[in-house]
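Only one chain is given next, in structure tokens, and it is the form predicted alone.
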């Protein structure tokens, strides 16, 4: 989905702790594009599910909440923000309980329908660098600018530990890749970059080189 006249979307996908968030944010800064973190939206809804005392293993209850909860997604200083049920959930999005349950909540098809619609609205008014797990495969499959950032499981586990988080990387990979709704896959036309031994600047530089070859104008 990138209809004629729509703004430019650069899709950055990859598994947990691959470095995609840091890369996407820096790439957006260099290009002057808006940065959108799709994962924050799924984490926000997961946080609300837990706050409401709903079991992450009750898809029917999660669907009812997703249908009724007011979700507001906007940009502030070229950075995506979310308010859910009138609350800014940002301080809670990296809690262990959210880490442990976001894959379950994200696997509910109706959750993905609602949040994908919200993500697509960003492109109605802005050029975007959007990162997530299904941006190039589901959210914006028509964009010609698709990148998949990966790293070895060992490197990704060390990165999570350095961030003070305790994601079980292998379990998260399995959950994200095997869910029925929008699983984590590498889009057929995505350019894959292994960030294991690269800095953020190194990955961004490779992406910018690829964008130039594809004809995108890059600011000096």
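Numbering follows the first chain given and starts at 1. Please read all numbers here as calculations on a predicted model, not as lab measurements.
Another form exists, predicted together with ligand DC; not displayed. Remarks below refer to it.
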Does the trio 32, 206 and 212 actually contact ligand DC in the predicted bound form, every residue with a heavy atom within 4.5 Å? no
In the predicted bound form, segment of 145-153, 82-90, 69-77, 126-134 with a heavy atom within 4.5 Å of ligand DC: 126-134
Please run the contact check for residue 56 against ligand DC in the predicted bound form: heavy atoms, 4.5 angstroms, yes or no? no
Within a 4.5 Å heavy atom cut-off, is residue 172 in contact with ligand DC in the predicted bound form? yes
Would residue 120 show up as a contact with ligand DC in the predicted bound form if we use heavy atoms at 4.5 Å? no
My question is simply whether residue 110 lines the interface with ligand DC in the predicted bound form - judged by any non-hydrogen atom within 4.5 Å. no
In the predicted bound form, residues of 85-116 near ligand DC [heavy atom within 4.5 Å]: 94, 102, 103, 106, 112
